[in-house]
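Okay, here we've got a single chain as structure tokens, the form predicted alone, with questions on binding and movement later.
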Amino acid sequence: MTVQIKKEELFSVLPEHAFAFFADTPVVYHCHHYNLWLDQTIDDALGTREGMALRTRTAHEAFYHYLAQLVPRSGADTPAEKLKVAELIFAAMGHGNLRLHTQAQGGLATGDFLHYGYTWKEKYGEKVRRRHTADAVAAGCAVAATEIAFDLPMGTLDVAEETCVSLGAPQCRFQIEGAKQPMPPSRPVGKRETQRLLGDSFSGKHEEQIRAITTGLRSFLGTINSDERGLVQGFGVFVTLHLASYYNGISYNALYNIERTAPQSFDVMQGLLVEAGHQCGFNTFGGILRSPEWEGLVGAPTGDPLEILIGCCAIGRALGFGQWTIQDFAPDKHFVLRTPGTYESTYHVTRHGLASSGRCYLHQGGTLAAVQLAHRVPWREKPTFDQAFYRSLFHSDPQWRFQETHCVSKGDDYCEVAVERIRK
């Protein structure tokens, strides 16, 4: 039987809420800067060994549920065909080339140009010596794909990355074998669960401009395909179409682990997750806004704060962050961003129930970054968006503060972040 993956049939968008799904699984676009930073945040909080274990286990679970939806729709019958589907879709999502040489008892998987290990080496390899492997996502996909291919329950097998390009190896290698401890069963957080928590959508100020740019960006993203390495490069970054449940799973499981084991550090952990979102806003929004692709689609940024915020809202929608709307804005004074929900809030309610405070950390950090990009970047000078520039803008002299005033995670009808100028 011919294996087919028809993206146009499997990929869908809820445009009124700006959520994306592949095979009814929530997906979101993120760049390598955020991916690497969030993984490092988890390891810093839990320790390298426990952090890697959590990230691998979360990727295992996320890809198992994803492939369980995808593989039956592909026409794959045999284990070999099912493994091939996993390899093809992994590369198509921008995660690199994964090769699965496995049987029902386990086996070997290899990877070339895997997103996490390869981009870590590209970004940090000349400056930092890494001491542990980087590819929890590829590991999780490899073991999940093997279980799906041989009709095994989730958690039957386990995986370890033995070599990694981030450590100087020529290739990444994974060993898959029988699990020593079973994985607790879990239910997927899919399209149906997400839609159940979404109320009516709404618009805000400058809606026509935001909608027009969003439409153009979505069309452009639809034309971007992975290259022969299984990587996607666009807007000056490496882009992944990623499983939202991976980001949410590692973030909230780490957060609540800290709450149980070191409650005095709970607020610190929340701050670290916001910082990851802030890094995303700076690198992703900044990278897109200064890219040749953006200039071709929209025009080069002039530096007008409103123009930048309109652009950031359109980018947030196109990437699947939620229906970002401008509710209020006064230049150099305050900004209010509101959305009917985020990929974070709908997951949190489904998996963890209602919280006592907002839990949309990407939303918080991304909104703060958007305001800072709008007011502090000399766009006409075409600055280089590197970590030195990041520190000079955002760590040396804080000028804005934020608050998540409403959140679906705590039972509100929408998510809202308000940012205001710090007056000295």
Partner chain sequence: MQILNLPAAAEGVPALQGLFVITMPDCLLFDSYVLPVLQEASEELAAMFGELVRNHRDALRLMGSWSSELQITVESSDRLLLLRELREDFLLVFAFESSLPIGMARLFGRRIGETLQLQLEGFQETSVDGEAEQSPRAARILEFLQRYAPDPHASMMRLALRTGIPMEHLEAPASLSPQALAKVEEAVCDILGIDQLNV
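Residue numbers count along the first chain shown, from 1. Everything quoted here is computed from the prediction, not taken from an experiment.
There is another form of the same protein, the form predicted in complex with the partner chain; it is not shown, and what comes next is about it.
I have 163, 175 and 179 flagged as a candidate spot, so tell me whether each of them has a non-hydrogen atom within 4.5 Å of the partner chain in the predicted complex. Result no, not one residue of the spot touches the partner chain.
For the interface check, one of 105 to 113, 202 to 210, 270 to 278, 227 to 235 should have non-hydrogen atoms within 4.5 Å of the partner chain in the predicted complex; which one? Contact criterion met by 270 to 278 only.
I'd like to know if residue 379 sits close to the partner chain in the predicted complex, meaning any non-hydrogen atom pair within 4.5 angstroms. No, residue 379 stays farther than 4.5 Å from the partner chain in the predicted complex.
How about residue 264: is it within 4.5 Å of the partner chain in the predicted complex, going by heavy atoms? Yes.
Is residue 69 part of the interface with the partner chain in the predicted complex - any heavy atom within 4.5 Å? So residue 69 does not count as contacting the partner chain.
Heavy atom to heavy atom, is residue 399 within 4.5 Å of the partner chain in the predicted complex? Outside the cut-off, so no.
Report the residue, out of 187, 192, 260, 131, that has at least one non-hydrogen atom within 4.5 angstroms of the partner chain in the predicted complex. Looking at 187, 192, 260, 131 one by one, just 131 meets the 4.5 Å heavy-atom criterion.
Even though the chain is shown alone, can you say which residues of 170 to 204 have a heavy atom within 4.5 Å of the partner chain in the predicted complex? The stretch 170 to 204, when checked against the partner chain in the predicted complex, contributes no residue at the 4.5 Å heavy-atom cut-off.
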